[in-house]
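Here you get one chain, nothing else, as structure tokens; it is the form predicted on its own.
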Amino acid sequence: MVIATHLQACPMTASPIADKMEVGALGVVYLKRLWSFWFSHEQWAPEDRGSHWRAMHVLFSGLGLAVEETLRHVYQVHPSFEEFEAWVVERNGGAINPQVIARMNAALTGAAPPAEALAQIGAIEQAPPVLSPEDLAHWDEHGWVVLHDAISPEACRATAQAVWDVQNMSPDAPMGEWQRHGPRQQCVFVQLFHHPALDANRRSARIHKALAQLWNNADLWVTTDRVGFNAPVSPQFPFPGPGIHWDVSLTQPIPLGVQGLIYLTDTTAEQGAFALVPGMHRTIGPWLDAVPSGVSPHTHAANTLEMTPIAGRAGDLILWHHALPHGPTPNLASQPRLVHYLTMFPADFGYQPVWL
């Protein structure tokens, strides 16, 4: 769960950072403060970094904003705050539920969630567990777990079709047709964030319950994340990556964080499956201490660690502790691997201000 806080310097004239309670037409606290920070050319004071980081995640989640899409818009278009709010509304289909705004404002000011949000949270809390005691023991020991049937077969088909459509490809096409980058592909990632099928997956009560069990907290915010397309490799189409990596600072201690992806089709271990190093959330401290002086932990991981691929069925949600090094693998099968990245987090998630 990573959001870049500041890209290259923007040519827009710097302006003071707004107070967090200063609002615009939407009435969302902290939104103008975040917008003004993007154009301020300033850095947050150390004591403010945690609250800023958490507020960004809550705002992006509550407003259904994709990180890369939003920052690209801000730094390419340089919108006024009024223009930015209008763009946010447009990304939400023309309207934002007032209850969503009330819930965001409560989370960002430390108030109790509004009644409607409390009812939804309570329903998740009272729902039967979807992860068994054995699943939770596996999570504790290995740092990852699979939630089977996280979404329905119909939802898998609809989401997979959305991926094929944005790639301008077909599952029935010859293999050579797949072995190219689609127009919105970066490595195995495809920059598709907004689609009814993706939104339906994000509303899954079954997924919400699983994340609530891992966080021991049902008051969670869902990410507006992208999808993935990992085509079979060939001499003309090498594995696009990324390789083994982390999406979190390796400064100790690493707080709890959960990442996830849904397999949209049955996926074998050889089919570019997602892979990780099991159990490393328990041993990463000593491992980092043993990294040779002058060597990047990321380089050392690529040279010394071996990942375990995780096969799965269509609809399986793989959840993993973000302290585990992980990544896709080269697809040696005959069919592409399609996934939807998705997770949830509490507003007060742990934060490590020093990036390593």
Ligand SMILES: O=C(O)CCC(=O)C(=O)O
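The shown structure was predicted, so the numbers you read here are calculated from the model rather than taken from an experiment. Numbers for residues come from their place in the sequence shown, where the first is 1.
The same protein also has a form predicted together with the ligand, omitted here; what follows describes it.
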| property | result |
| --- | --- |
| Non-hydrogen atom within 4.5 Å of the ligand in the predicted bound form for each of 73, 84 and 193 | no |
| Option from 91-99, 128-136, 171-179, 253-261 whose residues, in the predicted bound form, bring a heavy atom within 4.5 Å of the ligand | 253-261 |
| Contact test in the predicted bound form: residue 247 vs the ligand, heavy atoms, 4.5 Å | yes |
| Heavy atom of residue 144 within 4.5 Å of the ligand in the predicted bound form | no |
| Residue 326: touches the ligand in the predicted bound form, heavy atom cutoff 4.5 angstroms | yes |
| Touches the ligand in the predicted bound form: residue 189 (any heavy atom, 4.5 Å) | yes |
